[in-house]
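Below, in structure tokens: the form predicted on its own, a single chain.
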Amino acid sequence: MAMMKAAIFVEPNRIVLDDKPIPEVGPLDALLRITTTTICGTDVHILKGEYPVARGLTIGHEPVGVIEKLGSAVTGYREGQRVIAGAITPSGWSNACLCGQHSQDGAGTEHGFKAIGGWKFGNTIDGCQAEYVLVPDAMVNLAPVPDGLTDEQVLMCPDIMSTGFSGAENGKVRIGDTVAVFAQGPIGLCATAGARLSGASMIIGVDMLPGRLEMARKLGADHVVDASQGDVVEQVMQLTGGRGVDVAIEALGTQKTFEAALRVLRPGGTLSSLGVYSSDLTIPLDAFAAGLGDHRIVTGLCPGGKERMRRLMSVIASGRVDLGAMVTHRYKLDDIEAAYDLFSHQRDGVLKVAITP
């Protein structure tokens, strides 16, 4: 039996590199040889035991690679072709997909969560922090990489870019809107870039790390607010002349940032939530205007599927946004345990880590 190296969840606080069999390919599947992948904040939730997955599962959901083998029923692709697949891998035919909610394909009650949706890689099936990954429903999910784009240029598309942009899309950011983005980690930075592309005329980036605030400016923030320097809500309200923001995007997943995002909304504004929350949220009565403020609170799971990936790579190819600077560190797969240690402790100004087998 042919074997491969893979990053495997053993128990909370232990993800280790070990050997696993190379997956067998079913009729609708494709086997990708991974050329580049990365570590996500959600993987850190898994590492810490805050999001439960099965022991022995290969982690990771952001694949860039080359088609090694195609299933017997897969058409329209060729072996040796460079492709990506989204972190969310919808089937294309489920009730959720046919209702237009591709991200919620497969939603159920596994692991005690009601809406795990189409997030399968590194969640319910083996993921891509490995030498190979099996992509289900390949014809729905594989997107060819345009000539001239490098692995690192498209590395953000499967999850970070798709999720961050969805924060602006779900918030229905319009031309001339004022937008505040809470937390300028990788997803928040992409939300900032997405708000700029959507036509926002004032974007306020909130964080407490100088390097991330500087990156926010590069990706479209007009103003930055250092959360370590005074009351964040007060600073945002001053920047908006007391009006509040049209859309607040929450990209961290904590009570503090969620509540601050709600408090800076204008009457009738929208809170677009992207955070992965590991405890219950409380909505303060005054911030919620007792339910009479015409506020909208929307949540979103990373959009997937090949058309979504094609669109995101088209944005990259057009030069309208450059996310290459977000890759701050590079590791070989053999050193992925060290990469997890760096990323989970947020040392050395890390934003994203490129992992290459």
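Residue positions are given as counts along the sequence shown, with the first one as 1. What you see is a predicted model; the values in this text were computed from it and never measured.
Omitted from view is the form predicted in complex with another copy of the chain, to which the following refers.
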Query raised in the report: Just one of G230, P284, G148, G80 has a heavy atom within 4.5 Å of another copy of the chain in the predicted bound form. Which one?
Result: P284
Requested in this report: Tell me, yes or no, whether V133 is in contact with another copy of the chain in the predicted bound form, where a contact means a heavy atom of each within 4.5 Å.
Outcome: no
Query raised in the report: Quick one: does I297 come within 4.5 Å of another copy of the chain in the predicted bound form, counting heavy atoms only?
Result: yes
Query raised in the report: Using 4.5 Å between non-hydrogen atoms, is K306 touching another copy of the chain in the predicted bound form?
Result: yes
Query - Contact flag, G194 vs another copy of the chain in the predicted bound form, heavy atom cut 4.5 Å - result: yes
Report summary line: Of 230 to 238, 124 to 132, 87 to 95, 152 to 160, the segment with heavy atoms within 4.5 Å of another copy of the chain in the predicted bound form is residues 87 to 95
Requested in this report: Quick one: name the residues from 237 to 272 with any non-hydrogen atom within 4.5 angstroms of another copy of the chain in the predicted bound form.
Outcome: R243, D246, F258, R266, P267, G268
